[in-house]
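Below, in structure tokens: the form predicted alone, a single chain.
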């Protein structure tokens, strides 16, 4: 139905109810998780037994808050490091790929562009298993033929970085390419006619134009890496990321410290999203 046309009272009521239920479905679980982070109970679920901050600050034999939980703090730090390197590599390679695919003379562009998109449609479980088998096979080959044991080809921190990088780069490529298609090539031609080098054009004209896309793609790449589970599960070594660590705790039974971690992640992600929105808006206006 065309929204600009007047509707019946029943239609408008149903429309509002649908919107309310839709957002309730999205945010009710998050709200409940945040509330239970302050529940004075030894179990991460209802009933409500009073307000407490102990799941954040406690350091006793009975309760250990997130700020004193070395296991979870270490996994958060590992996830942060992983997300940092993945977003950095993805921005670098994805941006260069966007420049490459925007070249008119690039041969086999359509076929290679299609291949670049395949990591996005492959399930994360399949991608993780494939990367693990490929790395193990390559590691065995190198060890048998050259007698060298490459830690990179075993489940480890850097294998997780490479695994996440393999599909997050595609997302960066799409975002930067979409922005690059709006670039006016006459600006580049004018700069070249005025004596600027190719590097100067990219550094002083193209990169500032791509800044909103780079900020947005970098932020989303960081978040995608930080919360990734499917691919990471098969590639992680002794240093587990936060999603893997939380999965192990939930599987074996845990305390409401999980809710406290979730609360901090929700707040942190929301702040990052708002910051990214503000920075992108300011860059666009500039």
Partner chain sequence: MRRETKIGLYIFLAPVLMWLLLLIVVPHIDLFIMSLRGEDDLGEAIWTLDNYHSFFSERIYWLTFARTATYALLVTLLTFLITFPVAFYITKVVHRRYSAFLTILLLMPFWVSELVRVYGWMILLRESGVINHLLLGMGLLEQPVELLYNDVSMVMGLVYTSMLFMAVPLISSLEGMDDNLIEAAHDLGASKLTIFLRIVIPYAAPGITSGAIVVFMLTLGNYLTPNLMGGKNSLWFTEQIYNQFIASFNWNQGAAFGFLLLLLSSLIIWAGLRLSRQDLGRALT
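All figures in this text were calculated on a predicted structure; none of them were measured in a lab. Positions refer to the first chain, counted from 1.
The form predicted together with its partner chain exists for this protein as well; it is not shown, and the discussion that follows is about that form.
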query: 132, 191, 206, 215: which sits within 4.5 Å of its partner chain in the predicted bound form by any heavy atom?
result: 132
- request: Can you work out whether its partner chain is within 4.5 angstroms of a heavy atom in all three of 233, 274 and 277 in the predicted bound form?
  value: yes
task: Indicate whether residue 71 is a 4.5 Å heavy atom neighbour of its partner chain in the predicted bound form.
output: no
query: Even though its partner chain is not shown here, does residue 225 get within 4.5 Å of it in the predicted bound form, heavy atoms only?
result: no
query: Would residue 166 count as touching its partner chain in the predicted bound form under a 4.5 Å heavy atom rule?
result: yes
query: So in the predicted bound form, does residue 243 come within 4.5 Å of its partner chain, heavy atom to heavy atom?
result: yes
Its partner chain in the predicted bound form - contacting residues of 26 to 41, heavy atom within 4.5 Å: 26, 27, 28, 29, 30, 32, 33, 36
